[in-house]
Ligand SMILES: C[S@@+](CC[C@H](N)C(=O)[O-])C[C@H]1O[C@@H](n2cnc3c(N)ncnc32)[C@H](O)[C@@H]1O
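A single chain, nothing else alongside it, follows as structure tokens in the form predicted alone.
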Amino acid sequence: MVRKDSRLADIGKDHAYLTASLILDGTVKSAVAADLRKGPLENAEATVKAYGIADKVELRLSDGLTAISPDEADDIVIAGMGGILISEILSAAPWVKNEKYKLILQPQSHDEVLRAWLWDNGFEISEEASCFDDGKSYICMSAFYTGQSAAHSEAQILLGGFAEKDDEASAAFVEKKLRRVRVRLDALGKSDADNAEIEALKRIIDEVNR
């Protein structure tokens, strides 16, 4: 999803393997790789030195995007953390609301919170992809700022476009989500629950079935 010849900001980059790969295969020409902690920065420094790309990568201690300047990057990767935290990082950097940036986001949990935040804040989700790694399904999405907020159904927020995909990883992701919906419905059915939540969960299942 990262654009050719873009300048990369890799947030929460851990060992900087993604940064190194994108530099080495010629996808990006430069990168700022940032992390909140010194330990991961030291790991990233070892990676950068091992691959001889120190002249193209700047390592930086940063809480999210706070130490990244708006003119330093074109494509912004925030991967390997929860959707709530990713939303908070983006909220703290209002300059990302600009059509010139491409966001590449890989939420490990609460992806529905991230989708809702993006749509509520004028972003369009341009692509979603899924894959398996070590038997688990993972998703990634890209987004651009358009300034147009749009309403979406509960199913669209929960599942994005994955309910319409037919690959195995997407199907596994959707089934995992729907399993949680069914478990929640079952629990609510055994209690004096708020009927509005029950109806919302039923609408999700009905929409996916359609």
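All residue numbers are counted from 1 along the displayed sequence. Computed from a prediction, not measured in an experiment: that's the story for all the values here.
This next part talks about the form predicted together with this ligand, which is not shown.
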Under a 4.5 angstroms heavy atom criterion, identify the one residue in Ser62, Ser170, Thr47, Ser142 near this ligand in the predicted complex. Ser62
Sort through Ala93, Ala116, Ala79, Ile84 and report the residue having a heavy atom within 4.5 Å of this ligand in the predicted complex. Ala79
Which among 97-105, 130-138, 84-92, 68-76 is in contact with this ligand in the predicted complex, heavy atoms within 4.5 angstroms? 84-92
Even though this ligand is not shown here, does Gly160 get within 4.5 Å of it in the predicted complex, heavy atoms only? no
Tell me, yes or no, whether Ala9 is in contact with this ligand in the predicted complex, where a contact means a heavy atom of each within 4.5 Å. no
Within a 4.5 Å heavy atom cut-off, is Ile53 in contact with this ligand in the predicted complex? no
So in the predicted complex, is this ligand close enough to Arg37 to count as touching (4.5 Å, heavy atoms)? yes
